[in-house]
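First, one chain by itself in structure tokens, the form predicted on its own.
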């Protein structure tokens, strides 16, 4: 034992679910971390015989797994949770959301993002993809809180309350890419809002910018039947076909939602190597429809899992989202074997990393991967007994079961206590801003 190698962190648990290529599970297991990277994962006795941790997190009733990856959200909209519910997407956007967002400022977005990050970390999400206004404030909140993210300024044809005219938005996006290009936990993507808010010319310019800077291109796509019908009438093609004609279907593209798809659309997505961010609870709440996830996966389309925003979900709990995603495919196809638990877990881990361009870095516990991991407390009635960890993680667990979170080798949550930043300060600021939002005037009605 005296010859053991020293590592910065050793995490042990009753179970370790790796989400590696072979779906290795160790019971009991351990993960050794040196700095920001994982050194090894394996049976607890073997790992402890070889490594000595400067800090040890021992959970004899815990399950260790990769941190979850939220492939699509708008974190700052945590401040809008519950303000405009039970509406179809088009009405929700045009009559409520866009008018409210005209009153936003950088300070609101910064603190709203911190509030969203607190919720995500405490429920096991370690990486998220964010598309919103004042993306510089989102990026700063990510840098300040220790989480991992892919962020981007939402781009429209019409003037934005963040940057003004579209030319300024494109300049801002490129400035953000340059400003944060060397950050260890943060990257910037090009994020046009949707085909119905962006002209073909703007979409092409966004694609060119993403290609030139080697970053992701992210867009809301084929979210509703109305969007598809309007696109057919205006462009003579489905939203997927429209992007195909513009030359934008490629492995750099992430399509958020992708609910209303034809067989030809799905073939085009597969041929282009496009990734999809599936947001089942938001799609259900806005009555947008049920995305054909099973068919996309069968074609080899990588599908990640997203919550969308707290204004259309209304939470950021990816464990709940996994459960909904799996059950929704079963009822959609009337097939209990559709999207089984291990595959649903993939959406929130390995596949989430892939659609965000982080494959081989996060989404699994393996040597060389970044040390993003979480620990769930299994000593709870709804998780006892445990026969199949994949089943429990998808159908029984919730974000409230998360007790410890590590991102980039740093402990951000320990025994359900947020260590990364001051939660009380963040909650107090959110309540203060809520009073401002309630006094926006007539923003919660037609503009």
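Residue numbers count along the first chain shown, from 1. This is a predicted model, so every value here is computed, not measured.
Quick note: we don't show the form predicted in complex with a further copy of the same chain, though the next part is all about it.
**Q** Are all three residues 135, 211 and 366 in contact with a further copy of the same chain in the predicted complex, where contact means a non-hydrogen atom within 4.5 Å?
**A** No residue of the spot touches a further copy of the same chain in the predicted complex.
**Q** Please pick out the stretch from 97-105, 261-269, 118-126, 178-186 that is in contact with a further copy of the same chain in the predicted complex, where contact means heavy atoms within 4.5 Å.
**A** Careful reading of the contacts points to 118-126.
**Q** Just give me the single entry in 162, 314, 140, 238 that has a non-hydrogen atom within 4.5 angstroms of a further copy of the same chain in the predicted complex.
**A** Of the candidates 162, 314, 140, 238, 314 is the one lying within 4.5 Å of a further copy of the same chain in the predicted complex.
**Q** Would residue 248 count as touching a further copy of the same chain in the predicted complex under a 4.5 Å heavy atom rule?
**A** Heavy-atom contact with a further copy of the same chain at 4.5 Å: absent for residue 248.
**Q** If you check in the predicted complex, is residue 357 within 4.5 Å of a further copy of the same chain, heavy atoms only?
**A** Contact check for residue 357: no, nothing within 4.5 Å of a further copy of the same chain in the predicted complex.
**Q** Going by a heavy atom distance of 4.5 Å, is residue 201 a contact of a further copy of the same chain in the predicted complex?
**A** The answer is no: residue 201 has no heavy atom within 4.5 Å of a further copy of the same chain.
**Q** If you check in the predicted complex, is residue 168 within 4.5 Å of a further copy of the same chain, heavy atoms only?
**A** Contact check for residue 168: no, nothing within 4.5 Å of a further copy of the same chain in the predicted complex.
**Q** Within 384-405, which residues have a heavy atom closer than or equal to 4.5 Å from a further copy of the same chain in the predicted complex?
**A** Those in contact are 384, 385, 387, 388, 391, 392, 395, 396, 398, 400.
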